[in-house]
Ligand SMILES: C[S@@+](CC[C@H](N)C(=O)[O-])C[C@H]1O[C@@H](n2cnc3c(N)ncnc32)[C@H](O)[C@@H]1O
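Below, in structure tokens: the form predicted on its own, a single chain.
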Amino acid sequence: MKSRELREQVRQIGIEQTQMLLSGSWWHSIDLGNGQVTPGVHSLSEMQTLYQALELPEDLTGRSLLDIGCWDGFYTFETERHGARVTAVDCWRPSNFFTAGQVLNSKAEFHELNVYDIRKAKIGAFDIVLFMGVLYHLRHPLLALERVCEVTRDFAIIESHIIDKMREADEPVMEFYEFDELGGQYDNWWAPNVECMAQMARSAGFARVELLYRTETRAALKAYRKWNDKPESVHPGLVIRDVINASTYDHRFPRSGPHSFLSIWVEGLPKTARRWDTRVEVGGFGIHPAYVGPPGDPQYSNLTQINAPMPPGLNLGQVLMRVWHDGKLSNDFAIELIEGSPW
């Protein structure tokens, strides 16, 4: 066969493959290069605007990123284009994701996983986690957020359908759908308001939350694992005297599970200190105290008791704890984390 005929056949095969690729059913519009864009329900300009709204660093080189619920893969491939080392997860194997990844020569790693099965021991931890458009599809949303927190090192972006327009309220509200009341889809179970999303994220283990954007029906939060107001130097008047297991009243500390709750005994906290202005840090991760106040035992009346859950995602072995309040930072206090229940 003449080389010109061979080249023409190869060209024709490429045209046919491209036509097949661009005629499928796509949710994301993805730029495949050479002027080819997948025919997504959401246009490429819309997808790019949403990406910019996430306020991710322009250069993600050296950062690890997990895309939960990747679907067609726009966020996977876009963050990879910005330099991230990306792992994508979905509860099935979306053919469009693999098709686009092959065309883009993507190096993203894919795992077919239920969100409740995402654990640090299974897939590791990531600097950044994207949790976009998944929360309202889940029967157990708080459990899912705990799994997200466990594998997040720096911050996660949590995006969801919201009900703020329909139910204006300052308190946390979430609506439950037994059947297909939301969008006619049987797998839409919940719709929170923004305040509910924020409180659930903190309850799941994130230290602090910022609102990235809110429209009439969607909102995105940036949930951080660390505090941003840690003092630079230790204050000699603020001292952690002891830490015990708040459930078992001993010094055995499971890193996760029902008995991984801490009681921290602190000298030097003012009696006006409250849980919303007192910071706890365990193993470098911030966590919200559940209680700050007088101790239950009167013999320790000169101390303040702080009860706080163990942050998700800690490694076994020794970790350091600190607390701070009103610009005063305590000493380091070491505890040893073990696996499993202490019983």
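Just so you know, these numbers come straight off a predicted model, no measurement behind them. Throughout, we count residues from 1 along the sequence that is shown.
From this point on, the text means the form predicted together with the named molecule, which you will not see here.
Using a 4.5 angstroms threshold between heavy atoms, Gly40 stays clear of the named molecule in the model of the complex. Although the partner is absent here, Leu211 lies well away from the named molecule in the model of the complex, with no heavy atom inside 4.5 Å.
When contacts are judged by a 4.5 Å heavy atom cut-off, Pro289 does not count as touching the named molecule in the model of the complex. Of the heavy atoms in Phe253, none are within 4.5 Å of the named molecule in the model of the complex.
Using a 4.5 Å heavy atom cutoff, Asn114, Gly133 and Leu138 all lie near the named molecule in the model of the complex. A heavy atom within 4.5 Å of the named molecule in the model of the complex is found for exactly one of Gly283, Gly313, Gly69, Pro309: Gly69. A heavy atom within 4.5 Å of the named molecule in the model of the complex is found for one listed residue only; from Val239, Val234, Cys91, Ile123, this is Cys91. The stretch from 201 to 209, 263 to 271, 125 to 133, 239 to 247 that comes within 4.5 Å of the named molecule in the model of the complex, counting heavy atoms only, is 125 to 133.
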